[in-house]
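Let's start with one chain on its own, the form predicted on its own, as C-alpha cells.
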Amino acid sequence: MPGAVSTRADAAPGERPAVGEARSVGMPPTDIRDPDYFHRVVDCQWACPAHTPVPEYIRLIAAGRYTDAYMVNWRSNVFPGILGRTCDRPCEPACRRGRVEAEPVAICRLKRVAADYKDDIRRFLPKAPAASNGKRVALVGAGPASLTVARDLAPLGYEIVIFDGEAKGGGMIRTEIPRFRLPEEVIDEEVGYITGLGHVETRYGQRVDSLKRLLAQGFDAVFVGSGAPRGRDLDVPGRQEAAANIHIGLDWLANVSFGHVNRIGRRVIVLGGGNTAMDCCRTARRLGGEEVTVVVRSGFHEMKASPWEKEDAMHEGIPILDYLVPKEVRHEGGRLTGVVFEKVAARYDERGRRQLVPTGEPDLFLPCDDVLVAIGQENAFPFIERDIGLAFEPSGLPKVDPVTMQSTLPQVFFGGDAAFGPKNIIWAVAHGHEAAISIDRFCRGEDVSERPPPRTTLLSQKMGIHEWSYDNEISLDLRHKVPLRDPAVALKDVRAEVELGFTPELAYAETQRCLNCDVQTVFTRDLCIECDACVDICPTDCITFTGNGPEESLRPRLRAPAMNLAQPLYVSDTLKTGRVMVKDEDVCLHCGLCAERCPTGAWDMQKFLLEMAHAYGTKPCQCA
C-alpha cells in the first residue's frame, strides 16, 4: 500500500530501515488536534479535577498580574483564596518539576498569592441578566458544590434558591476547616462573590427535611450538595460510660468554628489518620491541649492525611502513633481516664491484601482527659424519602451518573461528598461545574449526556530566532518555604492564621521553578531535514529518530527508554528516510532547545491553553 510504513521491532535508535525490508505495522501519527493529547502533557492541569490552567496563572503571577491570575483560577476552581490555603493539591504530585528535583512547584500556595495581592475583581465577574429565564433551581446545602452550581447558572438567568441549616454559606469550608488554616473573612469574600451575582436567594437557617416537599414547590431542578455530614463513632467497651469527654471530630470542629467550644482537657487523644484528625489535633493544641497525641490503626505512611498535613501537626509537637487499635475506654465514675490500645502489625496474603493482626505484645494504655474521634465520615440522607423514584446503591449513596451527576429521578442532581462519598473541595467544584451543565441542558429539554467540548488554543511563542515570549530557562532551584507565624503566638490563638503566605519576592522566585509544561513542542514533518540537531541538543534524550513499530516495541528502544505508560509518545508521520520522529512526553522539559537549534523551524514552541466548558459559556475572562 503506498505510504504504508512499518519497521523492524529491533531497529536501533536512529537506524534507517533497509529498502524493501519486511516490517511490522507501526504507531500512527499523533493527532495533536485532540484536546486531550496536550492536556495530558500539562500534568498539573490534567491532575486537577477542575482542570485549572496552572502554568498560565503562574506566569501571570510572575508578571505581577495578580488580578488576572486570580480570575484564571476563579473561572475554573471558583475559590482561589480558599483553595490556595486548603486544597488537597492533586496537581503537585503530578508536577513535572518533581521529576527533576525532590519537590514540585508550590502550586497551591501560589494560588493564594493571586488571592492575597489581587485588586477588586468584582468588575470582572459575570452578571446575571436583569430578567430571569423563568427557571427555578433549588440547591440543598451551601457548600462548594452547590455554590459552584449557583456561580455557573446565575449568569444564565436561572433563579437560584440555596437552602442550608447554618447561618452562613460555605458548608464544610466554614464548619470543618479551622480558622488558623482558613480565616473567616476569606470565606465570606468568596462566597459573597457568588451570592452577589444576582438571582441568587439564600435561605440560611432553613434545613431541608423532605425532598418530596421541596420538589412539590415547583422547582425545575434540584441539586443536592449536602456533603457527608456525619462522623463515624467509636464502638468499644466504655464508650458510652465516658461519653461526656468523647467527641465526634466533625461536630467538635464545627462547634469550635461557631464559638460554642473554646477549651479542651490537658491530655487529648485524637483517633484517626485523615485530614480531619490533623485539624482536630492542631485545634486541640490551641484550646489548652498540652499533651495531644494522634493514634492510627494503620502505618504512618498509609495514613489518608496529606503528607503536608502530617508535617504541620508534627511541627507543632504532636506525636503520631501508628499500628494501634482502640480496645477499651477506661473511666472512673463516668470520668474518662484513658484508652487501651492493642498493638497490631500489617500482614499480606498471597493476593497482596492487607490485614491487621495482633502482635501479641502487651496492650498500651494512654491516659487522657478527652478523646476526639476522627475515624471517617458517612453520608446521611434522612430528608430523602425512599418512595419518590430516587434509587440508592447498597452503600447508601444515591445512584448518580458520574458524568452528568444526574440521579434516577431526572430533575434531581447530586455533587460533592453527597454524590460519591467524602473527597475534597476541588472535587466538589468539578462536580458542580458538570452538574450545572446538565441542569442547564435538562431545563432546555436537551440530552444531558451530550457534553460541550473544552475550548483550546495553540499559539506559537516565537518572537525572534532565539527569543520566546516566555521564560524557558531551566534551573535547579529548591522549593521555597511559606513563612509561618511564630509558634509561641500561633498556638495560643485558634483564629491566628499559621501560614503567612508568600511575599511577592518569594512568590516570584517560586514561579521561576515552573517548567511551562503548557508551552508544547510542536513538530512539522515537512520542514524536517533529519539533521538530528534536536537529538544532539536535547538535555533529556527525549527525541529519537528511528524506524516505526508497535508501541510496546518502540518504547524500550528509544534513546531513553520510555517506560511511563501514563505519558504518551509524540510520533510523527513518515519522514523522507522512512524513519519517524518519536518524542517521549514524560521526560521533556519544554526547554525549547530543540526549537532554537532546528535550522528549518521544524520544531516550534506553542502555548496550549485549555479551558473546560461551563454552563455560562466558554469565552475567556475579559481581564486575562
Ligand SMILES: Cc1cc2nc3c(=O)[nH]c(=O)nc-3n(C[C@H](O)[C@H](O)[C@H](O)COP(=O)(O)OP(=O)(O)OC[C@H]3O[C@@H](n4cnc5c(N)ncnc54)[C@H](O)[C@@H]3O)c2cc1C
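Everything numeric here is computed off the predicted structure, so don't read it as measured data. Numbering starts at 1 and runs along the sequence shown.
One more form of this protein should be noted, the form predicted together with the named molecule, which is absent from this view; the next part is about it.
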Looking at Ile177, Val200, Ala94, Ala305, which is the one with a non-hydrogen atom within 4.5 Å of the named molecule in the predicted bound form? Ile177
Name the residue from Val208, Leu125, Val344, Leu397 that puts a heavy atom within 4.5 Å of the named molecule in the predicted bound form. Val208
Suppose contact means a heavy atom within 4.5 Å; in the predicted bound form, does that hold for all of Tyr37, Pro53 and His480 with the named molecule? no
At 4.5 Å between heavy atoms, is Phe442 in contact with the named molecule in the predicted bound form? no
In the predicted bound form, does Gly171 have a heavy atom within 4.5 Å of the named molecule? yes
Does Ala142 reach the named molecule in the predicted bound form if we count a contact as any heavy atom within 4.5 Å? yes
Might Gly225 be said to contact the named molecule in the predicted bound form, defining contact as any heavy atom within 4.5 Å? yes
Tell me the stretch among 183-191, 448-456, 85-93, 288-296 that has any heavy atom within 4.5 angstroms of the named molecule in the predicted bound form. 85-93
Within 4.5 Å of the named molecule in the predicted bound form, which residues of 364-386 have a heavy atom? Give them in sequence order, or say none. Gln377, Phe383
